[in-house]
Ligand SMILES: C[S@@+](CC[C@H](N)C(=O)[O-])C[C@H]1O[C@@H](n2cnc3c(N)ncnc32)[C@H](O)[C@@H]1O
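Before any questions on how it binds or moves, here is one chain, the form predicted on its own, in C-alpha cells.
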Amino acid sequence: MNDRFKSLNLPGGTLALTDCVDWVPSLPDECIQLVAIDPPFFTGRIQTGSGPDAPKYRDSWAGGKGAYVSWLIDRIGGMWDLIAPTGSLVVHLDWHAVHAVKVALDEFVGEDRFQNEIIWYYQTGGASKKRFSRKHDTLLWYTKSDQYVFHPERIQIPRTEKAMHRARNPRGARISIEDNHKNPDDVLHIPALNPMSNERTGYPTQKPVELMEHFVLALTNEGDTVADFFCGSGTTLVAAQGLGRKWLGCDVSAEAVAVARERLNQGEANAL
C-alpha cells in the first residue's frame, strides 16, 4: 500500500486519511458511478467548526485564485478517469471561485459534458446591509458521456398550489388534477443545518444529508459506488450508505476522517 495514505475498510466502503492526489491513482478506472466533491471554497479564511475544541481548516492559497483552480483541476483530473461511462461528477462551490472553476472544467472535460448549474438555496445566516444577501451555493454537474444515469422521478417536487388551481380551471388546465408532483428544477430549496440540528457534528461547513441524497438518488442506482475525495464530516458517504450504495471517501484532515468514521459506524449500527 502507498505509504502516503492510511485507509480503513468499513462495512460500506473505504475511508482514507490522505490527499486524494495520492490515493486516486491507485483506484481502477471507471469504478465509480458518482464523484460528488465539496472541496474548500477559496474563501480566504480559516474555517472553524463549533464546540470547545472546534476543528478547523485553512481555506486560502498563497498563489491566489489561479493557484487554487490549478490545484483543484489537477485533482479532478485523476477523479475523471475513475467515473464510469454512465457516471457523473458533481462539484460543490460558492461565489468565491465557482465561475473560474466552471471555465476550467469546460476546457478540461468539454463543454458538452456539462449538464446543469444547480443552485442550493437556503435562508440561514444573517442578512447583508451592503449587498443582496448571499444565500446559495452552486453545484456543477458534468457527465462522463451522453449515456448517463438520471432518475428525476425519484426526487420529484410538489407542484405549487397556484399550479394545482390552474389544473382545476377548465380554461387554464395544462396538467391532470392527479399530477401533483413534477420533475425537479435546478434550484433546490433545502434548509442548511441550523445550530440545534441533530445532524451537526461540529465540523466546519457541514452540509445536510438531505442535499446529497438528492444527487445519490438521481444519479446512481442501488449497489453503485459513490465517492467524495474531500469528504469532510462524511455527509456524502452517509447519504450513500443510507441509500444502499457503496462508497469511497478521503480527506487530508485527521479530524474530518474521525468524524466521518463515527457517523458511518453509527449509520451502520442503526441499519442493523
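Keep in mind it's a predicted model, so treat the numbers as computed, not measured. In case it trips you up, residue 1 is the first one in the sequence shown, and so on.
Missing here is the form predicted in complex with the named molecule; even so, the following discussion is about that form.
- Although the partner is absent from this view, residue 256 contacts the named molecule in the model of the complex, with a non-hydrogen atom inside 4.5 angstroms.
- Within this chain, residue 38 lines the site of the named molecule in the model of the complex, having a heavy atom no more than 4.5 Å away.
- Heavy atoms of residue 14 never reach within 4.5 Å of the named molecule in the model of the complex, leaving it off the interface.
- Under a 4.5 angstroms non-hydrogen atom cutoff, the named molecule in the model of the complex has residue 230 among its neighbouring residues.
- Comment: 203-211 is the region of 239-247, 27-35, 203-211, 218-226 lying near the named molecule in the model of the complex, near meaning a non-hydrogen atom within 4.5 Å.
- 71 is the sole member of 148, 71, 114, 120 with a non-hydrogen atom lying within 4.5 angstroms of the named molecule in the model of the complex.
- Distance criterion of 4.5 Å from any heavy atom to the named molecule in the model of the complex singles out 75 from the list 75, 102, 136, 96.
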